[in-house]
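Only one chain is included here, represented as structure tokens and corresponding to the form predicted alone.
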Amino acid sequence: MTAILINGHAISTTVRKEVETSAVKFLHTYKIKPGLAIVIVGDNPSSQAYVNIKLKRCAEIGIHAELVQFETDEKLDVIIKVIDNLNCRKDIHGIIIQLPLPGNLNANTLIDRISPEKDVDGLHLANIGALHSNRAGIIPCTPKGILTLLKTLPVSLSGKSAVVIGRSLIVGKPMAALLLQENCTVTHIHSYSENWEKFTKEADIIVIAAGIPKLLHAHHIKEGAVVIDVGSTRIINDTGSSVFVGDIDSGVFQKAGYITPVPGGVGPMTVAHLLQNTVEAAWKQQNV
């Protein structure tokens, strides 16, 4: 069999249109646009590229976006002071720290300085705790986007066997929590897992976010499995061009039932749900 591609571009377009409608309504109601501040430290080319995409998407749907850029060697207390100011601003409803940060800065220190209600990446300790205790909070963008993709499929999640490969706070851990909330039986695989193939071979759903190109092969999965590839590693191909590749080998496309391509799968959903989280946060901060 050949897997059916899950078109993240198309589905994210639908999400963005819904968010745009809400953003326009917010502007008409409160005479200001929903506001997002993006804090970036250093000049990492990949981070800059991701930020440019976010800025472009914000402009397209009516979100006011501000880029706050620091040099690589900026002092922690200076960045904290700026975050504190953004927390107090009524025209800024969402704040994100573009990751990764330079080695001299601790990401958790800066993320936890953001007001939880403005933490539209969903990475503040309060939002992480809310997710894992089934309470209301802001859900991290990538897992939220993946769940949206899964819910477009003609496959019930309840009772299914799901494997999550990778245990980062951005993807792996919140993804496992969301799948548990959908009544999946979840197995979490990481770099210390032994004989992990025995779990993936039985899984109905596999979400792989390891950052290791071609880690998952056809013989690692069962026929017809749903495979969500979150991997995005920049490599130089045979022609000398720089390309992004996922965590799965091409053979998986001949055995899976549904699969996300790289690029064009999860990536557009992450940005779409950042926009969604920002507009939802704007409404909530107006007690709506």
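Quick caveat, the model's predicted, so the values are computed rather than measured. So that there is no doubt, residue numbering starts at 1 and follows the sequence shown.
One more form of this protein exists, namely the form predicted together with a small molecule; it is left out here, but the text below deals with it.
S.K.: Does at least one non-hydrogen atom of N195 fall within 4.5 angstroms of the small molecule in the predicted complex?
M.R.: Heavy-atom contact with the small molecule at 4.5 Å: absent for N195.
S.K.: Evaluate V266 for contact with the small molecule in the predicted complex, applying a 4.5 angstroms cut-off between non-hydrogen atoms, and reply yes or no.
M.R.: Although the small molecule is absent here, V266 would touch it in the predicted complex, with heavy atoms inside 4.5 Å.
S.K.: Check K160 for me: does it contact the small molecule in the predicted complex (non-hydrogen atoms, 4.5 angstroms)?
M.R.: K160: no, not in contact with the small molecule in the predicted complex.
S.K.: Does the small molecule come within 4.5 Å of any heavy atom of G129 in the predicted complex?
M.R.: So G129 does not count as contacting the small molecule.
S.K.: Give a yes or no on whether each residue among I165, S191 and I212 has a heavy atom within 4.5 Å of the small molecule in the predicted complex.
M.R.: Yes: I165, S191 and I212 each sit within 4.5 Å of the small molecule in the predicted complex.
S.K.: From the candidate stretches 40-48, 58-66, 225-233, 250-258, select the single one in contact with the small molecule in the predicted complex, where contact means a heavy atom within 4.5 Å.
M.R.: Selected range: 225-233.
S.K.: Counting any non-hydrogen atom inside 4.5 Å, which residue from L150, A203, V171, I97 sits next to the small molecule in the predicted complex?
M.R.: Of the candidates L150, A203, V171, I97, V171 is the one lying within 4.5 Å of the small molecule in the predicted complex.
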